[in-house]
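The data below hold one chain only, encoded as structure tokens and taken in the form predicted on its own.
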Amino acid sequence: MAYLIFSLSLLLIYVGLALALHVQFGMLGIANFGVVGFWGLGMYAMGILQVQLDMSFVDALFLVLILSVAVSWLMGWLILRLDPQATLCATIAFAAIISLLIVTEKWVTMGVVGLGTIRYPFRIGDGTEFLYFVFLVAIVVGLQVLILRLHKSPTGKLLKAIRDNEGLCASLGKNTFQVKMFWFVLASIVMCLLGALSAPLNQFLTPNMMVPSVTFAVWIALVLGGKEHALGAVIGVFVTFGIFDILIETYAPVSPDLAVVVPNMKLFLYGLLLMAVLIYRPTGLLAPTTPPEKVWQELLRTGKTAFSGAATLTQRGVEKTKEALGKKSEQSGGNDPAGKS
């Protein structure tokens, strides 16, 4: 039960990261590939302030907020005038720098030895983890409600207009850089704060948590769910992390002989499903125009399309493999002058 609560809490953190990325990329078109950098910055800042400086959770969270504002504003000032490719490279470099600093600055991060133990903001015995899970649910639901309201507001329409044609918006008198800066900084702060909230969940921080797969998992979930839909991030995280990482990898009745294969099969199915969605449903499982009250009907319809597409891709792969093996066998037979084969 404790592991299930931990897994679901981690799932909520991923949902929050995907929602923040939805604002940056889905609504504004800013390709932020430094998600793990912002998340790790908040997580390690919380750990350092609690463990090295013995601060309380609330004081540490307040300082993480100030730090995240400064770093996010600096990143926005540096990258938001760049073209999309340069923005992508710059955000990847930012994540790499944060990861490198965590390893090299041993005097404060403890390097590869690790940093811990991170305390929860409250302690009520055996129910601490569950109460913290409820706390995370409230935060993520609040984020989702705010994004749903943002989509319907004039500000949301302005963000989408900047994403689709920034030059036209600028010609109409809109300060597009200022708008992009505000929302990029706000979404990055959310990523940092979610990192700070992840620290008590993990309790002991090590550099191997700062892996690019965190960024890739959030991106895959957002693209799969529907990057332009308000609920796409939530659906994408549940389909990827929820089904594959929690349900199948942890709770599916798999024999010990096949347990080694499960992680590789998970990655294979991840990729296959993503390819099928990108080929047969480029907008993701949820189209941008899907009304929230028709999400389930849309999911059932597009889910059938995606899974049938994945089956078709698998069948084509098998046929291609058989064809290649057949040609190789024929060539081997043709090259045998004595005809012994």
Partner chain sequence: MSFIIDAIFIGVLQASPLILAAMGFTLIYYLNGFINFGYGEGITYGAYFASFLNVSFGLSFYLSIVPAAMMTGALSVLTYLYVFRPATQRGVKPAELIILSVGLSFVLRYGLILMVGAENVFLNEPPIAFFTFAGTGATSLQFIALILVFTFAFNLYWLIYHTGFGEKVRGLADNPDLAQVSGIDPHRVSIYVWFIAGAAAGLAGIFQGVFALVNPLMGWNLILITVMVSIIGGVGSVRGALVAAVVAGILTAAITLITKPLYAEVVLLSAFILILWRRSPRLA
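As the structure is a prediction and not an experimental result, all values here were calculated from the model. Under this definition, the rigid core comprises the largest set of C-alpha atoms superposing within 1.5 Å between the forms. Positions refer to the first chain, counted from 1.
The protein also exists as the form predicted in complex with its partner chain; that form is not presented, and the subsequent description refers to it.
For the chain shown alone, residue 271 is a contact residue for its partner chain in the model of the complex, at least one non-hydrogen atom being within 4.5 angstroms.
The shortest heavy atom separation between residue 149 and its partner chain in the model of the complex exceeds 4.5 Å.
Residue contact with its partner chain in the model of the complex: residue 114 places no heavy atom within 4.5 Å of it. A residue is said to contact a partner when one of its heavy atoms sits within 4.5 Å of a partner heavy atom; residue 238 fails this definition for its partner chain in the model of the complex, lying far away. For the three residues 53, 58 and 65, a heavy atom within 4.5 Å of its partner chain turns up in the model of the complex in no case. Just one of 261, 172, 134, 145 comes within 4.5 Å of its partner chain in the model of the complex, counting any heavy atom, and that one is 261.
The partner is absent here; in the model of the complex, the one residue of 267, 141, 124, 247 having a heavy atom within 4.5 Å of its partner chain is 267. Note that among 181-189, 230-238, 90-98, 194-202, the stretch whose heavy atoms approach its partner chain to within 4.5 Å in the model of the complex is 90-98. In sequence order, 77, 78 are the residues of 64-79 having a heavy atom within 4.5 Å of its partner chain in the model of the complex; the partner itself is omitted from this view. For residue 278, the Cα coordinates differ by 2 angstroms or more between the shown form and the other one after the core has been superposed.
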